[in-house]
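Consider the single chain below, provided in structure tokens and representing the form predicted on its own.
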């Protein structure tokens, strides 16, 4: 079978999805969280572990769970015992890279049915704060002497975007308000805030200017899972498979100081790869709903532009005009995104893929957008603002 930019043996569909509650301190172990999400996905597909050929696991830094070689550690909870099992991880981009890896397991003909599981238990590292895990990701010569942390790196990126695009804080705060309100329709959401206002965001605690407390997603424990299958198997399992139409990923240089922080080139390149495979040449018109990665409110705008869902510097305008609301022309993060549902790093992206699966099937409940959904997109981003992963799905 031939896509626009890739050859593969089998079409691949998602046939089941599941996720745990997203909370700041879950009592379950990482293995238990992985199994809770996996069991839900299997149940939705009407399958058991005996029906699964291969398992793909995603989890971000080992330090979060406090366990080295976390793929092996999570294998039992994720159903990977006595099966071909692999762990993939690219920081925050992991959650979308997990179904991409599951896709190639099936598309290649290696496996007919794959269980894809992503998990993160960040509370283990939250002493005194999860940011302390990231003290060890910096270049020891150029960056470490500055004693950086991720929030002030992202604050520079946010400031650069605001300056280059002449964006006001009020416009960025609209994203936080939208997503935290949207989260009130999500049964797993950590941060439902139905009455939040722009003024609340602007008055929240300043972390590193211009990033304030309500501009940023919470630290979260949680897991999500999908079942992917070949076309023949998918049609046996369900009458409503959701097809993986396009996948894309890319990695930019780790030297973030050498890049224009106002535009996410890594997302653009990953999106173009996925769009070529899916036959999409006008994403603004051909994508019905999107779940871009939103660990900070400005990142939703940033990533919309990298995905071609808005022109450069246009995303704040579309947001202000209501285009990105659930009942808008281009619903963005109708789930509530990371800002509302929560941000268990690796699991967050897979949650977004699960949301697109449910949106396409019309099974998103209170989160279902008003317009018909034929094609949706999920995207994640990770490492030092350098990894981009994109998946396009539809009927």
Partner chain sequence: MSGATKPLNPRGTKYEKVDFPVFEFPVVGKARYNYTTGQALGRFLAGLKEGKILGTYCAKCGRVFVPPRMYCSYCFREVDGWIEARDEGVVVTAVLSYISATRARLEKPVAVGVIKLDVPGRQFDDHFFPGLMHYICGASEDDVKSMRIFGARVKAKWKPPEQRTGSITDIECFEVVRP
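Residue numbers count along the first chain shown, from 1. Small disclaimer: the values here were computed from a predicted structure and weren't measured.
What follows is about the form predicted together with its partner chain, which we do not show.
- Note on contacts: among 199, 321, 231, 260, the single residue with a heavy atom within 4.5 Å of its partner chain in the model of the complex is 260.
- Among the residues 171, 143, 288, 272, the one placing a heavy atom within 4.5 Å of its partner chain in the model of the complex is 143.
- Contact annotation: residue 49 falls outside 4.5 Å of its partner chain in the model of the complex, judged by heavy atom distances.
- Its partner chain in the model of the complex is not approached by residue 195, whose heavy atoms all lie more than 4.5 angstroms from it.
- A residue is said to contact a partner when one of its heavy atoms sits within 4.5 Å of a partner heavy atom; residue 279 fails this definition for its partner chain in the model of the complex, lying far away.
- At a distance threshold of 4.5 angstroms between non-hydrogen atoms, residue 85 is out of contact with its partner chain in the model of the complex.
- The stretch among 203 to 211, 321 to 329, 293 to 301, 71 to 79 whose residues place heavy atoms within 4.5 Å of its partner chain in the model of the complex is 203 to 211.
- Shown without its partner, the chain has 358, 362, 363, 364, 365 in segment 329 to 365 as residues with a non-hydrogen atom within 4.5 angstroms of its partner chain in the model of the complex.
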